[in-house]
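Have a look below at one chain only, the form predicted on its own, in structure tokens format.
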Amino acid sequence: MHAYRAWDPARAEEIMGPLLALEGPLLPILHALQGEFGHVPEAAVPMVAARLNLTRAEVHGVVSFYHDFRAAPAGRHVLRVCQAEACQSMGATRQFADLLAQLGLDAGGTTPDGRLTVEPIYCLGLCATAPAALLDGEPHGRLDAGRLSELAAAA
């Protein structure tokens, strides 16, 4: 379970300060901001761009390219269901679609109560136990539709 701060530009500047000296600081800064605020707020994009002498488009491109970055806070729990080839071959695509339908969500969506975010992920390295998922970073393998629903309900 996560407790994130509300967006605070002064706090964002504090977070960025020591990271600016790194070689290639963009990713560490974005990870640190997301760690603090639960996502990379839209207001952070021009701030980061200005500090790194990048365009807003460049920063936005990185945020939108990497699946780990969020534009909005995740739920209190995050269920990531593998969609890579080994898991697909064992039914993960159908299980994922069925779970999303059951919860009334789109991929990456969060339940209305803010309890659970369900996301696709592309390869957990758990191919021998496909289909697999992560619930709050904890791996679960050999899932079937029932076990996947149980994971979602338990979150």
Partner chain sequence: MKVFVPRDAAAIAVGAERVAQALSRVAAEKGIDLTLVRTSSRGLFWLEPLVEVETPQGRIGYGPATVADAEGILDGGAAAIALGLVEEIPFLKRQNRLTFARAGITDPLSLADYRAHGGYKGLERALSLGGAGTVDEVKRSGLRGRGGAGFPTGIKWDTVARAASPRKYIVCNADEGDSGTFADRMVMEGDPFLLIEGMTIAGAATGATKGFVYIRSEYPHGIAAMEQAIATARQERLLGADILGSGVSFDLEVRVGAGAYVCGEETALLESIEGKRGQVRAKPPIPALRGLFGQPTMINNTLSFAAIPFILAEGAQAYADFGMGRSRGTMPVQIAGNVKHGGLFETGFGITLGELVEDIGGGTATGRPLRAVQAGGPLGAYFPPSLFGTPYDYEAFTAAGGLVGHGGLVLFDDTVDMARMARFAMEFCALESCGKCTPCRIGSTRGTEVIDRIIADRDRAANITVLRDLCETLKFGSLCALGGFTPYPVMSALTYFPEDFGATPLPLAAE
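Here, rigid core means the biggest group of C-alpha atoms that superpose within 1.5 Å across both forms. Please read all numbers here as calculations on a predicted model, not as lab measurements. Numbering follows the first chain given and starts at 1.
Just so it is clear, the following notes concern the form predicted together with the partner chain, a form of the same protein that is not shown.
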Query raised in the report: Is there a non-hydrogen atom of S89 within 4.5 angstroms of a non-hydrogen atom of the partner chain in the model of the complex?
Result: yes
Query raised in the report: Heavy atom to heavy atom, is R11 within 4.5 Å of the partner chain in the model of the complex?
Result: no
Query raised in the report: Does L20 reach the partner chain in the model of the complex if we count a contact as any heavy atom within 4.5 Å?
Result: no
Query raised in the report: Can G125 be called a contact residue for the partner chain in the model of the complex at 4.5 Å between heavy atoms?
Result: yes
**Report entry** Contact test, all of L79, T111 and G114, partner the partner chain in the model of the complex, heavy atom 4.5 Å
**Finding:** no
Report summary line: The one residue among G61, G104, P46, G35 placing a heavy atom within 4.5 Å of the partner chain in the model of the complex is G61
Query raised in the report: In sequence order, which positions of 138-155 have a non-hydrogen atom within 4.5 Å of the partner chain in the model of the complex?
Result: E138, P139, H140, G141, R142
Query raised in the report: Relative to the superposed rigid core, does the CA atom of V40 travel 2 Å or more between the shown form and the other one?
Result: no
Requested in this report: Kindly check if the Cα atom of L52 is displaced 2 angstroms or more between the shown form and the other one relative to the superposed rigid core.
Outcome: yes
